[in-house]
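Presented as structure tokens, the chain that follows is alone, the form predicted on its own.
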Amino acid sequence: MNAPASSPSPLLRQLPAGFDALHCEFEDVLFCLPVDLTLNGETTSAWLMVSETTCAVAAMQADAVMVQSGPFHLDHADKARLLQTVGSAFLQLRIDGVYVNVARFSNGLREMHGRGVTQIKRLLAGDAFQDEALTSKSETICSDCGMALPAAKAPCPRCTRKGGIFTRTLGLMRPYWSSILMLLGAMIVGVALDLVPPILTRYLVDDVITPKANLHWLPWILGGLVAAALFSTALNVLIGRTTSFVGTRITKELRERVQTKLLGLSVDYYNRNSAGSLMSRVMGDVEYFQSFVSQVAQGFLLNVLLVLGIGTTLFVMNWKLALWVMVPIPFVLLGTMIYWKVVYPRYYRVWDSQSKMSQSLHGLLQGIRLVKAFGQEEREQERFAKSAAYVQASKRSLEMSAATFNPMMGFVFGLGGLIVWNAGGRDVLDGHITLGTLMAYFGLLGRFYSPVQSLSNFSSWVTGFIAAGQRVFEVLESNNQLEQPEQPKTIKRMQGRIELRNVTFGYDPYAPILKNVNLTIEPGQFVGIVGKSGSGKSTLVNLVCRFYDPQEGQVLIDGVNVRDLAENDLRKDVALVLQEPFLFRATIAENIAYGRPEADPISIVHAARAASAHDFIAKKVAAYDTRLGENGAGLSGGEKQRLSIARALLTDPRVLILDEATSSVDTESEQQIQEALAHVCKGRTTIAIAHRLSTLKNADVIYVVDDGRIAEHGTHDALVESNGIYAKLVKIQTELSRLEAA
């Protein structure tokens, strides 16, 4: 019997159907998750059942419930984790210091079980079970169609309304309606001019050449043909220049909108999207919007007008022949529909391959020193060759489809012409129509089939445009922004008092990193934050800078919730010095003045002196006008860090945050930076995250973060005397220093 384990959804506070035999043991069941593998890796259809005290895996076998694993009592366990293996993962509990396998499942169920493990961890910690943690929508899978999303929280390409992209693009063209109306008028006149040559040709053949009469009409007819060609050329110039004007303006404004949107998105968005992918959208995908104007004006719209105008003329001239002209049209429509369904998905594959190649190249260029240091040029060539091969394969698949479709459509149109030759030739021989009429008809026929074929090929461009438009509007419509207050509060002169009240935060809201954190930093204090890697130190200062908002609790500065402060007011009084300083490809002065571009040279020099950077800058040939390479190429790690400190000091912040500011520099540079900080930290609230505990000896208060909680706090001496976590860290570093000295 197949158990209901095939369902991808968890069960909340109920057992699976038919599992009544386990009701007594799991009368307080919290949730059940489907399991598709046994611990030995064989396929199964089972359930992981978790109550407040017990967990087990069971399945239906021969109409009876058979326990495959467990039961395990949670009061005997102290930790839970997911162990990833090739193609599957294990849910494990640590019991008596040993991890025990509880359940095994394929990677398709990994996200669901990851949420389940988070809830088991909460149960082990004595926290309440969160029902919504297991029922909230997946960030990586479309809840409607089940398709994998291009990125977490991204709109689903399959479910996005295609027409919506054209509607939104037309909305971008609203400021240019006058130019568009002028284009429309020019195109209508152009269509009328296209009808003139075939009609004049009919008069030329029937009334001049065939009867060898009315020879005085010849120069007038030829003049009319020349005039029609000249007017048509002038209209094409006007249409081309106008579409270029509108298209380039739309592209420029759209690029600015995307860049503005990217600047407004939260840091979390950049954690989930690579720089190479975003660059591809801004530089490549936006280009489709310029071609949209030319395709619509000179392509789609013009061809539609030609089809309507010339088609009507064909029926007026001879409706019987016109019916023969329409024979290929159903085959063209069918071929276009097939092309749309078969080829459209291949456009996403092309973009995906180009995006991945861009990411690969971006990472290679960013880490070129590391590549050369380890002699991995050949390996990187092979990696890039794989990306290039993916691009080649995806483009080849797309272009081969187009190369097959276009000649087939040409063949269909060719048959249409032969059909008209057959029917029209018979009519001429039978005397039903004149030769001039047939010649005019064929002149119009070429003008009719050409736009019809262009319209059939238009689907190729449309598919590419829709794919690009989805990616661009995905950025523009992203709601991954920190909520801004409608009426922001202001702090006239920030004092620098920082308070965290019952703060809980996790990048995954159901897997918190900081757990009910409370701390207070008084104005002007020098506060140190220490702890093991991954304990939540940097996350804590990220909340103070409001790169993220906590799920629970408040972060206050001078008694005002940072959520209620205007972002600019917060940024101007809170400065951050990162562990890895970033410098732009610009002059030293421009890098120092980045946070305050209007700063005068004297202020820049004062900031550099305060950061102990003036001396090495003055030794440069161009001093403050020295142009730096990529990310400060040409400077040592300590020099980069001192420029970063000078950049922060120039803004005269009331709160200075140092995130491992000295961890990546040598001892001499560290001493110089420490001397600079000792001078500049006076009168400012300073938060220093440090692994080198010697840098925090003079701190007013040191907070020790352990597993997302404030485990200890006090002065250096008090914490050493308490013989706790901090004292243990000090002893370890002291022993390491002795070994290094030896």
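Everything numeric here is computed off the predicted structure, so don't read it as measured data. From 1 onward, residues are counted along the sequence shown.
One more form of this protein exists, namely the form predicted in complex with a small molecule; it is left out here, but the text below deals with it.
Enquirer: Could you confirm whether Tyr507 comes within 4.5 Å of the small molecule in the model of the complex, counting heavy atoms only?
Expert: Because a heavy atom of Tyr507 falls inside 4.5 Å of the small molecule in the model of the complex, the answer is yes.
Enquirer: Whether Ser612 contacts the small molecule in the model of the complex should be assessed with a 4.5 Å heavy atom distance threshold; does it?
Expert: No, Ser612 is distant from the partner.
Enquirer: So in the model of the complex, does any heavy atom of Thr539 sit within 4.5 Å of the small molecule?
Expert: Yes, contact at 4.5 Å.
Enquirer: In the model of the complex, does Gly534 come within 4.5 Å of the small molecule, counting heavy atoms only?
Expert: Close contact exists here: in the model of the complex, Gly534 approaches the small molecule to within 4.5 Å, heavy atoms only.
Enquirer: Have a look at Ile513, Val391, Ala77, Leu556 for me and say which one sits with a heavy atom within 4.5 Å of the small molecule in the model of the complex.
Expert: Comparing distances to the small molecule in the model of the complex, the residue within 4.5 Å is Ile513.
Enquirer: Quick one: of Phe616, Trp461, Tyr288, Tyr548, which gets a non-hydrogen atom within 4.5 angstroms of the small molecule in the model of the complex?
Expert: Only one option qualifies, and that one is Tyr548.
Enquirer: Pick from 100-108, 128-136, 223-231, 525-533: which stretch has a heavy atom within 4.5 Å of the small molecule in the model of the complex?
Expert: Result of the contact check: 525-533.
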